[in-house]
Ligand code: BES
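Only one chain is shown below, in structure tokens, and it's the form predicted on its own.
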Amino acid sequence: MKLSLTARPLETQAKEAWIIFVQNKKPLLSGHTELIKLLNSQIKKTGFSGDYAQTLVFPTFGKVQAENIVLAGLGDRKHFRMEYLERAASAAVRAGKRAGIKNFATVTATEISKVSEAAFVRAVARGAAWGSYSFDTFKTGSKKRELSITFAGPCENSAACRKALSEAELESQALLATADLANLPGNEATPQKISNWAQKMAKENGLAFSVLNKAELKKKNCNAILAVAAGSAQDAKIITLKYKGTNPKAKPIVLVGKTITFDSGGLSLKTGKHMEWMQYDKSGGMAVLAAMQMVAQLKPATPVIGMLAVAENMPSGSAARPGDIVKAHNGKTIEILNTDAEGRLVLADALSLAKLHKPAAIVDLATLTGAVVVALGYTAAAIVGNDHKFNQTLIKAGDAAGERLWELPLWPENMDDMKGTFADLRNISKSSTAGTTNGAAFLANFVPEEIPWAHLDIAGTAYEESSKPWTDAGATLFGARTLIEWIKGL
């Protein structure tokens, strides 16, 4: 999507549509008396409530420069969150696109309490760009339409608004480019194809690229990830992308993503219903890829390393069996009691390798447990880690980025629950309770206590199984926006 900024007021913008945000049934405009009268008339006439992500498209019949108005609801003021603004912008563009509209304009000034003009521009621009996206790679006859949005009117801090728009454009390019990969099915997004994609992206964006293939993983005793891939014709890989940063004295941070290209459950086979969406078990790695492309373009001071633990989990005569014991990279032994608890196995080796970079902090992202959906639904991701203050930093970044994180505890009892009978650890808990926390407790064994570490369980937020007003079904790339928000603040 083409994004632009002009100091000329909205009334001068001869576009196919203007997007106007509505909160508590009130259009968020000031000094537009005639336009507000028109909008209030339509709101009253249609009963438009302005609920979160609700939209209304109507023609203006020449009463203003725009041919149409798109109203986009933000819901009740007292419940407002930044994701509501980004999603409302996306919903408005999607509604306009369905009506055949290709170019939009909206105001630059914001009347939303505690939201700066720069934050408003960035969220709306990124939301509008996401609203322009659809995954139609396999649909015959589909055509891409170039859309545009102009932010109209003066900014109190024009430099900040221009910077916000530029950042939103770079972030959106990374999100949309990665979304095409994230949405590919297992037969198209194999471990090797993901490696090829990551290598190409790294070269285009000035990132260093390396990959550990099966032979190298064996040499490094990464037997946990190798066990996951044992039943597949596709070899496991750990992909590493490096951004050197502009501060040579700074320690790097490491981002680790679970990247299971398809999860059948292995010999602990999933049911058909639970297998249908398992191309999205690679979503943690996809968020890391998107974040690394953003990092490369935005060039923050801090060095950043992205690692993808890539494997396909399939049943066969060579697959890992329930009861098998393997030794991970850090020397810990693991009883594999359920082959469908494979994400923690691939992350075990990746996290153990991550500490070799002597990082200032480690964050991993994974569609790890169904238990997180029971706990938090599809609204938020869980965050569990070894440093409460660090968790809170990421929660704050998520709030600003429009991604909701909720902290769960990590107690000694959880660590005890993951101790093995015949090995150091077991890959499912003894109690079959507190699944999300216990999954994180397993991972904690592979991160030194002195390194701040946070685990994001994104199983409920990584993809949508049906279209929503603000997005098609498919990948959301949840986590990437939080990561870049955090990294820019370092």
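One-based numbering along the sequence shown. Given the structure is predicted, the values throughout are model-derived calculations rather than measurements.
From this point on, the text means the form predicted in complex with the ligand, which you will not see here.
Asker: Establish, in the predicted complex, whether K355, D364 and A444 all lie within 4.5 Å of the ligand, using non-hydrogen atoms for the distance.
Answerer: Contact check failed for every one of K355, D364 and A444.
Asker: Heavy atoms within 4.5 Å of the ligand in the predicted complex: which stretch in 39-47, 26-34, 459-467, 57-65 meets that?
Answerer: Correct option: 459-467.
Asker: Considering A230, A341, I334, L175, which brings a non-hydrogen atom within 4.5 Å of the ligand in the predicted complex?
Answerer: So the residue touching the ligand in the predicted complex, by this definition, is A341.
Asker: Please identify the residue among E312, E171, E86, D281 with any heavy atom within 4.5 Å of the ligand in the predicted complex.
Answerer: That would be D281.
Asker: Can any non-hydrogen atom of L368 be found within 4.5 angstroms of the ligand in the predicted complex?
Answerer: Although the ligand is absent here, L368 would touch it in the predicted complex, with heavy atoms inside 4.5 Å.
Asker: Can you tell me if K270 lies within 4.5 angstroms of the ligand in the predicted complex, counting non-hydrogen atoms only?
Answerer: Although the ligand is absent here, K270 would touch it in the predicted complex, with heavy atoms inside 4.5 Å.
Asker: Is there a non-hydrogen atom of K258 within 4.5 angstroms of a non-hydrogen atom of the ligand in the predicted complex?
Answerer: Because a heavy atom of K258 falls inside 4.5 Å of the ligand in the predicted complex, the answer is yes.
Asker: Flag I451 as yes or no: does it have a non-hydrogen atom within 4.5 angstroms of any non-hydrogen atom of the ligand in the predicted complex?
Answerer: No, no contact at 4.5 Å.
Asker: Listed by sequence position, which residues of 291-324 have a non-hydrogen atom within 4.5 angstroms of the ligand in the predicted complex?
Answerer: Heavy-atom contacts within 4.5 Å come from no residue here.
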